[in-house]
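There is one chain below, alone, in structure tokens, taken in the form predicted on its own.
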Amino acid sequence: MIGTVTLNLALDVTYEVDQVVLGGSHRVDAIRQRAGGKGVNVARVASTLGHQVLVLGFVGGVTGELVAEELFDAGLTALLTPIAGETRRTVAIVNGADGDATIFNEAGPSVTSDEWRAFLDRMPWGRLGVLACSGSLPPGLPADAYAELAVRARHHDVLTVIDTGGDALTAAAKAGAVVRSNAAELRDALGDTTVEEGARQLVQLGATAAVITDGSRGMVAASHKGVWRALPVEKVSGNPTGAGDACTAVVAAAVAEAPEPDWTVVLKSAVAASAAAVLTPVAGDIDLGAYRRWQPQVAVN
């Protein structure tokens, strides 16, 4: 089973409008609301690809109740830790003129040390094959919260995939996790560097492997065995907010099956899944037909 940790769960609200005009008034053509946060998106994609998932995170207030209800309605098993604060919302405004999305992310509720300990005490280690941790940390949690999860997971022989940035990224690498980020997050953590060199540095810090998305230039993976770059098959337009999460889902599934997977194969699937996610209107979905069509076409060097 893939456990997906979202420490900053959200209710994702998506508005579709004809065209976004700064300072203007907009008629909303369609609205969608569902449980979100990067880890939930990972869980949805992994489930779509046929894997068992368990959603883990914090919920609080009326918004938290809506999140829990939507996860149940979506058929996703969840083990959620209650907190006093109100679960956050995010708003994505999708521009019908070109398909681009403008995103507004609330910071999220503050989590106390007691609530964090309660979350750690409830981790069902015996049920997990891999733990995938994604997204921002809510106020109140230490910068090394993901690293702490990685260390605890290793004590229970559970592998960890952590998608984050900044200090949390380097801390996760030092804890021995498989780390995930995009090129901007990588440079924010390590300074001015190429994606290949930055991925290699994360492995040198202690990461089992590093997988970095690089926008239109594709994706890079590094382990102690080498560095690989996968090239995108074709340019796609749509909603890019779930592309990185689709990548994390593929990486987590691969690591669950083999601690040292064939990164050439993993990158082919990850690039195809990321592109297929862009074609869907909301994060957490992928176009399975496009995924299956593109996967064998991805070139890896």
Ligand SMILES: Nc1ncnc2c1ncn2[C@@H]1O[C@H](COP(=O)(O)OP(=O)(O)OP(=O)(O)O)[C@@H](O)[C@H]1O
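Predicted, not measured: the structure shown is a model, and the values here were computed from it. So that there is no doubt, residue numbering starts at 1 and follows the sequence shown.
This protein has a second form, the form predicted in complex with this ligand, left out of what is shown; the following refers to that one.
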| task | Report the residue, out of 182, 81, 170, 136, that has at least one non-hydrogen atom within 4.5 angstroms of this ligand in the model of the complex. | result | 182
| note | this ligand in the model of the complex has a heavy atom of only one listed residue within 4.5 Å, and of 85, 218, 129, 176 that residue is 218
| Interface stretch in the model of the complex with this ligand - options 112-120, 192-200, 206-214, 146-154, non-hydrogen atom within 4.5 Å | 206-214
| query | Do residue 235 and this ligand come within 4.5 Å of each other in the model of the complex, heavy atoms counted? | reply | yes
| query | Should residue 241 be counted as a contact of this ligand in the model of the complex, where contact means heavy atoms within 4.5 Å? | reply | yes
| message | Whether residue 290 contacts this ligand in the model of the complex should be assessed with a 4.5 Å heavy atom distance threshold; does it? | response | no
| said: Quick check on residue 278: any heavy atom within 4.5 Å of this ligand in the model of the complex? | reply: yes
